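The chain below stands alone, shown as structure tokens; this is the form predicted on its own.
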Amino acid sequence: MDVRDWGTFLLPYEQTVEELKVKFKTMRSELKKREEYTPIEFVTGRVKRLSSILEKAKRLNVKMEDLETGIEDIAGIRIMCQFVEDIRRVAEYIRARKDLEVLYEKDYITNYKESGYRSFHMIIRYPVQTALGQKIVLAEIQIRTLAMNFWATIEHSLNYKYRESLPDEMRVRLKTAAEAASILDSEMSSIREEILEAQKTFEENSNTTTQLLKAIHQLYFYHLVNEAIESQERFNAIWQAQDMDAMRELLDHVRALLSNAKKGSEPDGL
């Protein structure tokens, strides 16, 4: 009977998941700022439940003393993408990283499982700095589209309910659903440019609106009360009409007022 302290055993895996989540979320933010588009939609992570670890060890005939090398997904990261094409790009970014080592990959997109499961898996070695020194931890990174993730989440829940013995009718329906999800991904890829352009336009319009409202508020700071009230009234009318060209013109006008006000408030040179 294994009498180890399981809480202590899982600590490096918990730290690994938290660190990798931060790193991939930071990658997402950086790509967003650099390229205005990021292939990473969002990132999640989890440490496998102890009961799931023991069940998998039993299924794979992994001895308790070999859990750290025999079970590769105790620490798990999921990276969700909008498009199938983004998955390959994210994998390239991960391969290029110097803070982890990719041991091998499993392409369940090109070679999807009989059940219909699709995803791209990367098994990595990750050096985590614990209170007792460095420890090398195995972790699994799964990269999926949103549609793939939706299907996999449902399938996982059903497998858990039926203890890996899904009724035949359920298997058929799940496989049909997986094919539908794959068709959805293909359709989204076919109109990728239109989707990205729409998202970019939304982002630009949202930023313009935010900048304008902040600029109007700044007018009060320079005691330009009448100008602020007038600009707010113009904004309200433009917002109702959803005229973004007029919104940008108003933003330029308010910025000009602020620029003149700032020059007027500067002390005269000596």
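Just count from 1 along the sequence shown to find any residue number. Bear in mind the structure is a predicted one, so any value in this text is a computation, not a measurement.
What comes next is about the form predicted together with a small molecule, which does not appear here.
Looking at the small molecule in the predicted bound form, residues 28, 38 and 97 place no heavy atom within 4.5 Å of it.
Among residues of the shown chain, residue 135 is not one whose heavy atoms approach the small molecule to within 4.5 Å in the predicted bound form. Though the partner is left out of this view, residue 126 does not reach within 4.5 Å of the small molecule in the predicted bound form, counting heavy atoms only. The small molecule in the predicted bound form is approached by residue 142, whose closest heavy atom lies within 4.5 angstroms of it. The small molecule is not drawn, but in the predicted bound form it has a heavy atom within 4.5 Å of residue 121. Proximity to the small molecule in the predicted bound form, taken as a non-hydrogen atom within 4.5 angstroms, holds for one residue of 59, 32, 63, 214, which is 59. Think of it this way: in the predicted bound form, the small molecule has a heavy atom of just one of 152, 90, 109, 181 within 4.5 Å, and the residue is 152. The stretch from 186 to 194, 82 to 90, 127 to 135, 111 to 119 that comes within 4.5 Å of the small molecule in the predicted bound form, counting heavy atoms only, is 111 to 119.
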